[in-house]
Structures are given as C-alpha cells and as structure tokens.
Ligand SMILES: CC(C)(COP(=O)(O)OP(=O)(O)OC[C@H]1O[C@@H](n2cnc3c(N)ncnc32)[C@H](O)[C@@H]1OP(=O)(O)O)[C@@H](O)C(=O)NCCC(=O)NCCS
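Just the one chain here, the form predicted on its own, laid out as structure tokens.
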Amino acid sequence: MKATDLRGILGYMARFRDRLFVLSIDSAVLVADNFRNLLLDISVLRSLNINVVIVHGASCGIQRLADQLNCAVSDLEGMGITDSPTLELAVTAANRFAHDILEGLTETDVRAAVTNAIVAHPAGIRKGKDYAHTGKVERVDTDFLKILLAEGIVPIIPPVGFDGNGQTFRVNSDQAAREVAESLKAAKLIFISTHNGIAEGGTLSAQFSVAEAENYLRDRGTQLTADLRSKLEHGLHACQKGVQRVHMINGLQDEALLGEIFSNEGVGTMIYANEYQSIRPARKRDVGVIMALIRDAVAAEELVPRSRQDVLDQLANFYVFEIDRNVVACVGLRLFAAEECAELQCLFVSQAHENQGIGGALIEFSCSKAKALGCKWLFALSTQAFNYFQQKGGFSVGSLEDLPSDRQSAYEASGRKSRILVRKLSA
C-alpha cells in the first residue's frame, strides 16, 4: 500500500469508526477469483473498528448444483416460485457459500458466525400462483445480531429465512440485505455484484439523490437488467428508511470495496439519503486542499498563480464545494462595492467530479451571493474556459471598460490578455 493510500484511509477513520456497514455479496462474486481479495478488504474494515454484516446470495451455487444433478430449477433469485427441489438446492448452496465466507474470514483472523436472523413468512399466492417455498422477510432478529456485533463477530446471513415453526423459505438476498440495513440503522448498505453500478450512455453514474433515483427508476428503470433494477429499488427504499448511503460496486474489481469507501470519487454508483453536497465558506484548514486542487490548473496557465499566503490573505473571499465532507471544488468572489460589482475568481472543479454540474452550482451561488451584497453585475477573466462561462454560465463577452478602474490597471499589467466576461444580475 502506498503512503498516499494509507493517508486516504486514515482520513476516514474517525468518521467510520464503530459505524455499521451491511455488505450484500452476489453469489457470482463468491465464485470469482477476486473473492479472497474481497475478504481481505473486509478484514481491513474490521481492523479499523468498522462493524460489518454480510448478506450473501446463492443463485450461482443453485445453478451449479442443478447442472451437476441434471435437475430443473423453478427460480434462481428468490423472487419467483420456489418448489421443493429448488429449496433443497438453495439450502445446500447457501450453506456452502456461508462456509466459504467463514473459511476465508478465519484465514484473516476475523471472527464470524452464520446466523438464522431472518424471520420470514410465505410469499403466498399471487395472481393465482402459489409461490410455495419462496419467503418474504417479516422481520430481522436485531437483538441477536447486536449481540454478535458487540463481541466483534461478523454475522453472516444466508438467503434463507425461517418462520416460528422452523420452516425454511428461500428469500431474495437484495431484500434481506435491505431489511437488515434498515433494522440495524446501518450507515452504509453496499451491493457487491458483477456490475460497476449504473451507467448512462456508457458513463458511470457516480451518485443519485433519492429524488434522482426515483426519477431514474420511473423513466429508465425498464432499461436496467433485473438484478441492477432490484438493487436500485431496494437501495432507494433503504435510503428512504434512514440508511445514509447505498453503494453499488463491482466485486470482480480488485480493491473496489476500499476504493468506494475511502476515496472522494469512489468506483461505483451511490444513492445518498441526506444532504450530500454543500457550498460553504473556506476555512483555514482548507488552504492546503485548495492549493492542491488548483495546482495543475495553475501550471497549465488556466488559473492565475496564487501562493499559499495569497489564499490565506483572501480566505474570506473563497468558498468550497464539499462532497461527503471532502472539498472537490472552489471559487473566489471578490467584491467591488463602490462599482456595485464582484469578480468571480479561481473557479475550479476536480477532474474526478467534472460534468456533474458542480461548476454551474458554484457560478449560481456566486451570482446569488453577489446580488445579496448589492452587486448589479458579476465579471470573470478567463484564458481557456471562456466558452464554458458563455455557454453554461450565462456570461457574455465584455470589454476593459466593464472592469473597475483598479482592476483595469491590474488586467493590463498581468499581460495574460484574458477574455473579459460579464453577467448582469437581475433586479
């Protein structure tokens, strides 16, 4: 592990220590080559005092057993009809996978226990069809799980449930994981499958608010594969019921779990329940982050060079854009009260968060702030981003006369020949 990776993890430790993550692992991941690496990543979480509950699937194991025994399967996912032979296969496959997880965690000195924490009842008869041994989660035995967690034991929950008479039912692992996360008030529910997350036009959608997830399901949910749609639906429900973050990551990708949790940009898709993004005034502790953020842009002559002392001296003019408490963008707003205008300065968004509307949000924030301070127009100087300001930011090309007098002399002395851009602020 590189020192920079370790520092990144350490930065999250205080936030995640003693919090609970529910990991929902698809069976396709359990049979993949990266499975052992995933278990190592889980051991890293435990070493950081992050509590973990594992819910796993069984469909790959069911299909494998069915092929070996040359028998038909009535349902693989725990959502359709489960006949008696399929239930037997499901129980055998679930036990095998639970043992594999136990075995792998034991190798990393992580204590774990397979549980019967899912209380289920029959799914019943729907539209005239008897779903036989398919079950629906009735409740989660949270007292049992909390006892294990208090002792530092990782609960492993197979995709089967039991009723009060000891009958066994096949349940869907996505639903089970969601119910566990909601019941235990988990900080995160993480779906680990063979998908990177939800892609739009070939580009990964890094994050959804609850409202955006609802709209996506309504407008484009039918375009998703059944397993991705299931995860988005259950993830949305979890967020609506108090789970702060739901993640969808690719368990075939090495270090995906750690990369999603311990980095600003993540590697998959996230649904967030509470206010995730915010613009706030910069603080002294942000100066180093701002300097690191703009370093490459300054080197490329996109932004005016600024020293650390320059930023410190002008700190009252700076605002930062946070994602999950991490600064990913900044902007400066310098007031010229006598001329009733303000300058938008040092607008920059990290490369990992480009094309997500952050730059536009900072421009609109600056306009609102300037207007509240009595300004009638906002101006910006740009050598390379003037198209963006015009096409996305509502600015038009201005002239030297549009600048305050002392800014005119500084403009000419700089020799940068920046494009002058102006945006009038509505009354």
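From a predicted model like this one, the values you see are computed outputs, not experimental measurements. Quick note: we count residues from 1 along the sequence shown, nothing fancier. The term rigid core refers to the maximal set of C-alpha atoms that superpose within 1.5 Å between the two forms.
Although it is not shown, the form predicted together with the named molecule is what the next lines describe.
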Residue among N49, N387, S368, Q63 with a heavy atom within 4.5 Å of the named molecule in the predicted bound form: N387
Contact residue in the predicted bound form, chosen from I198, I271, C346, C341 - any heavy atom within 4.5 Å of the named molecule: C346
S382 within 4.5 Å of the named molecule in the predicted bound form, heavy atoms: yes
G360, heavy atom within 4.5 angstroms of the named molecule in the predicted bound form: yes
Contact of K392 with the named molecule in the predicted bound form (heavy atom, 4.5 Å): yes
Any non-hydrogen atom of E302 within 4.5 angstroms of the named molecule in the predicted bound form: yes
Interface stretch in the predicted bound form with the named molecule - options 128-136, 350-358, 244-252, 164-172, non-hydrogen atom within 4.5 Å: 350-358
Core-superposed comparison between this form and the one not shown, A352 Cα displacement 2 Å or beyond: yes
Threshold 2 Å Cα movement between this form and the one not shown for S27, core superposed: no
Core-superposed comparison between this form and the one not shown, E77 Cα displacement 2 Å or beyond: no
In the predicted bound form, shift in Cα separation for D296 relative to E255, 3 Å or more: farther
